[in-house]
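Single chain ahead, written as structure tokens, the form predicted on its own.
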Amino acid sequence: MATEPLVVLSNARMHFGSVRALDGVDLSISSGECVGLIGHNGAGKSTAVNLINGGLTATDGDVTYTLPDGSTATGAAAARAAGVRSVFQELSLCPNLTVEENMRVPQRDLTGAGWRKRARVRIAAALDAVFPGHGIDAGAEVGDLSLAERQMVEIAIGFSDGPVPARLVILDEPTSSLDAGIAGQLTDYVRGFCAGGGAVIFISHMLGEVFDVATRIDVLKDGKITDSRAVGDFTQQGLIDAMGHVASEAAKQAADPNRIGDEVLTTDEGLSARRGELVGLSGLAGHGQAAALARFYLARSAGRGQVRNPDVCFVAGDRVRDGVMPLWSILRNVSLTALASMTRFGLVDREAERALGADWKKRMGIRTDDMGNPILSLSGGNQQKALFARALASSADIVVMDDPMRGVDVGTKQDAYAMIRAEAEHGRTFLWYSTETEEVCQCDRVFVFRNGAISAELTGDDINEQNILAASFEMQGQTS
């Protein structure tokens, strides 16, 4: 394995006013390494990668790149010349452009006559290499693709051929919308890329993937790297402890079957749920789960009466497209579903709104000094906490969740599981689609989808990974 340092951070600091996002980070990434960068939401991971890719300039300290000719340089232009590329957790594709047109945004040599053909060849080759059998048309408009397909396109662009070859690729939550099979294709490709002399920074809250693909793990906590070891020197529990959070025991408690009441919903797809029940939707990504949830939510949320007394509320997984109001404050994003209950004669009781925000900030652990700050000032995981708070602050008896834990760290997940279970104990019903089998197994009943229809209904001890996979991949076209 080569040891050439592609990028070196020396005592790097990044301050945003009084907030110390990074507080003296020393980090070196060399050819052949896959470095797992781990930490809770708000630990400084996004800031660190934005220093590395040239998107931010350090308040203090140095970020130095080794160029292909062996010389060193600093600055955003040097990052590009060094072959540093980023695949962001919040996907950066333009939805109104085609896949091949999105290639032109980062690859500035795609100009002149025939650029579309060159772009199509590059993205098709990258998709074929990373995700064999992907089925994505380079001429398709990105807005028409599923969330998983958009994530695949963004990843493929990161590894694609270009005027400067990719030498260091930063993957920020790259599998958050991918099912296990497609995620496995990516990790296989990452291993080959690093074996060929490339380097990867792999950021994921799915610790099993980190252990599977990383050669080294660096732990960020409160803007500092507090631990850095070869992956074999960590255990999963040891890594959780190093992050500074021990999973909540309340989230691991078995469900109380006596809390489940009468049936409160049925759908045309065959979904059903009872009061206080956690109903999971599983199966391979893109097989109709999200569409079934959307149809149910829209059907039950129409009508003027739903504003003040909603039947259902919604927690989005694609927070950029379906979740946050980007121009609003954290408080306004959280209080949105409860505003009607705090309004008299057309005026909002601002004191009640602030009290609600303070309550949910504490309950969800939203990391901010001021709920009046813009929602985009939060890390991605903390934005997701705000969306949870918005839904749970409503009076709705049914909560629809579309893969809501995307980009949320392991400690926060455990806290969220405990809160969901507590809400269910008080009679709330949850429809929960997740691409993570571990989450689905938290549920009382699971509907597995395949090809747009329910292929299995699992309860009790039958809810396990083996049965979910069997129902997801059952052979088609068999004859007796």
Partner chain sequence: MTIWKAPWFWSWAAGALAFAATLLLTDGRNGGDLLSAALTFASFSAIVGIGQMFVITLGPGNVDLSIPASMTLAGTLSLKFMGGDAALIVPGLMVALGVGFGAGVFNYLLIRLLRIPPIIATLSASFIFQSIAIWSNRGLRIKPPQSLSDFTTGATLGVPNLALVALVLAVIAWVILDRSIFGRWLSAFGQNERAARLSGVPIEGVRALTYIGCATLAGLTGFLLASFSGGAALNMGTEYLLVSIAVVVIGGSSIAGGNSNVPGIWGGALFMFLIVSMLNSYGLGAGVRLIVTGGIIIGIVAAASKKGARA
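Residue numbers count along the first chain shown, from 1. Given the structure is predicted, the values throughout are model-derived calculations rather than measurements.
Quick note: we don't show the form predicted together with the partner chain, though the next part is all about it.
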property	result
Triplet S86, L97 and V105 all within 4.5 Å of the partner chain in the model of the complex via a heavy atom	no
Options 221-229, 334-342, 119-127, 167-175; stretch whose heavy atom lies within 4.5 Å of the partner chain in the model of the complex	334-342
Listed residue that, although the partner chain is not shown, lies within 4.5 Å of it in the model of the complex (heavy atoms), from A113, A77, A195, L327	L327
Of G158, G286, G162, G323, the one that lies within 4.5 Å of the partner chain in the model of the complex (heavy atoms)	G323
Distance check, R390 to the partner chain in the model of the complex, heavy atom within 4.5 Å	yes
Interface membership of F314, the partner chain in the model of the complex, 4.5 Å heavy atom rule	yes
is_contact(V348, the partner chain) in the model of the complex, heavy atom dist at most 4.5 Å	yes
Contact of Y297 with the partner chain in the model of the complex (heavy atom, 4.5 Å)	yes
Closer or farther in the model of the complex, the Cα atoms of A291 and H205, when the shift from this form is 3 Å or more	closer
Cα-Cα shift for H205 and A290, closer or farther in the model of the complex, minimum 3 Å	closer
